[in-house]
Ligand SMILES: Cc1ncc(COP(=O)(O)O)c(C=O)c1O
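Only one chain is given next, in structure tokens, and it is the form predicted alone.
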């Protein structure tokens, strides 16, 4: 990871925007759903597929795929501040969350504590533990979660960055880490802001590869601490989860987080993800984070000046703001080349601001909002 001090921005950050073809036409403010794909990433995927079509998919192909997976595991673990042995490769944030919730084997009398503004990707796993296994679920405000931990709480699961408002999980979570496992939904965290799973105090952190890391759909990551790895049941097992799968029913799962890997990721998807990560790494991660945060803060100021109320947020790259008819306004803005999203069941539009954006993108959004009034 680029450790350049914040006070010394790299010149490469200024050319980052040029790597994303979509930005030539659109004010793309939707990385919280799917990030923009850099040209070199799509080229890497195409080259990988073309190579397979020429050479076939023999043992050399699968060895190559394992090498790519090792490289991706290393890159993801560096972003989270952990070691590769603590990181599993998944297909999405929700998959990683489900592996943790299922693996804990919670049942009657066991409580899952979560916040009142969670994404369906986290709520689905909690609902399954409640409906299928009898676990209890209790809600609290995101900022109140540490104080809400009770004697029956067996899991605290919440967002690192709220998908609704951009609010951050309280930094006091680490204070309760000794008493309850902490699972963070990092879909809006990794790539958007600096992440250090040890400083956060979490036992598990599930993130996405297609959002702020600008990779393809179908990639994610799951950090599992060594302590939690020993506690989690491996509820889903396939060829890649075993040290020696050819031992059949006597095979042993990997001694590290590979035991939680998804069953198969394509070489072309991994190559695409690695190329996208390379673009961001070349720009300098600290500069990527800093520029995105600065642009988000600028947008907050400009929205206030044009009469939009911004939802309470933390130091994040998400900016949610008031809208009388969010769905209709989102469609109208898209017709003007401005891409963002509405939050279901909330009077909010959400702009996801990345380092690849610029002031002109913000101008287009503010002008587009004014044109609809």
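Values in this document were obtained by computation on a predicted structure and should not be read as measured data. Residue numbers count along the first chain shown, from 1.
There is another form of the same protein, the form predicted together with the named molecule; it is not shown, and what comes next is about it.
The stretch from 145-153, 76-84, 205-213, 292-300 that comes within 4.5 Å of the named molecule in the predicted complex, counting heavy atoms only, is 205-213.
Think of it this way: in the predicted complex, the named molecule has a heavy atom of just one of 222, 192, 272, 187 within 4.5 Å, and the residue is 187. Shown alone here, residue 94 lies within 4.5 Å of the named molecule in the predicted complex, counting heavy atoms only. The closest heavy atom approach of residue 254 to the named molecule in the predicted complex falls outside 4.5 Å. In the predicted complex, the named molecule lies farther than 4.5 Å from every heavy atom of residue 285. At least one heavy atom of residue 121 is located within 4.5 Å of the named molecule in the predicted complex.
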